[in-house]
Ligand SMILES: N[C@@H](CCC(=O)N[C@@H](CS)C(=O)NCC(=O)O)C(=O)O
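One chain is shown next in structure tokens, namely the form predicted alone.
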């Protein structure tokens, strides 16, 4: 299968790390969607990354749906989100907080990237940055409680761990002014442990 999109996108990167952790064979097409939209459009009408193209040509779009499909492909013994019950809800909740933090960091970053300086709306940036800090602060508390374990209390790495790690890394790159790692040392220590794994280090931006 093929993963389309650059690892600078946290949503692409979480899919890439998940592919590695699931032990699936994949290749990477590092398309910059703003520079080459047609390369994405032929697989995804939204012209968004990540997009995954399966070996039979079937496209998968939107990272949450892609990850659900990849869990199914990999099978129950490898899946990163439990199939049902309280364990699934816990992983999904933490993953949602992490991806929400990613989203808000993207919105804050894009305000400067796509608007001239005189059009930047600082209150909007501050609103989004506050939400980034809220999400990462929550995950910091979870990381503190988890100690040396996984965030959702699972016996092996889950999507909550993947997405939290990627969210912190993206916040540090896109909004370095927030000082996220300094504010949230428990999450930073947890993310450093994950980032040291080959599955993450091989897909750094």
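Numbering follows the first chain given and starts at 1. Source: prediction; values computed, not measured.
One more form of this protein, predicted in complex with the ligand, exists but is not displayed; see below.
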Check whether residue 143 has any heavy atom within 4.5 Å of a heavy atom of the ligand in the model of the complex, and answer yes or no. no
Even though the ligand is not shown here, does residue 180 get within 4.5 Å of it in the model of the complex, heavy atoms only? no
Taking the shortest heavy atom distance, is residue 169 within 4.5 Å of the ligand in the model of the complex? no
Any non-hydrogen atom of residue 174 within 4.5 angstroms of the ligand in the model of the complex: no
Just one of 28-36, 148-156, 161-169, 133-141 has residues with a heavy atom within 4.5 Å of the ligand in the model of the complex, so point it out. 28-36
Going by the ligand in the model of the complex, which residues of 1-34 come within 4.5 Å of it through any heavy atom? 9, 10, 11, 33, 34
